[in-house]
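Listed next as structure tokens is one chain, alone, in the form predicted on its own.
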């Protein structure tokens, strides 16, 4: 049996030509997207997807055309938050049509295709070595979504990335230096320590790192109208990148997300005000990019 070392070049697979071809398709499909913004974190459970949804809603209210891409293929949640769990992926001449909320926010998430009681599986040619294939199949699926979707003309394509410092680095390399990053953390030493690894990883690349968001910086009590601390010691680590916003946790926002209503900005609360301020801050920073 031949090994990889016995095969000359690509072994006749024309893999290089295939990669170049699909990269060109992706460039063409994204050519009318003005800004690409990745919402990332080294830590899971920091509210990254909720933030991406609310940020998209705030940008939309500011008159921007926005589509959300759920890159967390194993744990897609944006379809639920947008109320698009049963939306169909309808093919068209230019690719898949992106399902939209009633307010015109595009949301492409595998959560629209796979029910929440099913695990998303990636078949492997070598079942006993499936763990070595999973990452490759995930990126292949993500690549095919980018290349096979009609993204249209957009002001913002907001990409919700899966957790992990290594994921930040891998997706930054894959998406290219045109994609800017915002990192999300909690005001806890554990969370900030993990996110700091993502900062270190991203600083090795040329992707713009706009700053970070401190999520759940407090608890908003609707009865008393005050924001109460969630963590005993609200220490802030020096990430050497700008703090874009501090967002208190508001239970009403979480309820709206569970109900599939990405309209949390309609009610007046410190969380809603902070999200609007974050959207304005990001707009200014994105417009300042070359």
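Positions refer to the first chain, counted from 1. The model shown is predicted, which means the values in this text are computed figures rather than measured ones.
Keep in mind the form predicted together with a small molecule is missing from the figure; the text below concerns it.
- Stretch 37-45 is the contacting one of 37-45, 55-63, 24-32, 221-229, since its residues have non-hydrogen atoms within 4.5 Å of the small molecule in the predicted complex.
- Looking at residue 249, you'd find a heavy atom of it within 4.5 angstroms of the small molecule in the predicted complex.
- At the 4.5 Å threshold, heavy atoms of residue 101 stay clear of the small molecule in the predicted complex, well away from it.
- Contact annotation for residue 210: none of its heavy atoms lies within 4.5 Å of the small molecule in the predicted complex.
- Taking the partner from the other structure, the small molecule in the predicted complex has a heavy atom within 4.5 Å of a heavy atom of residue 215.
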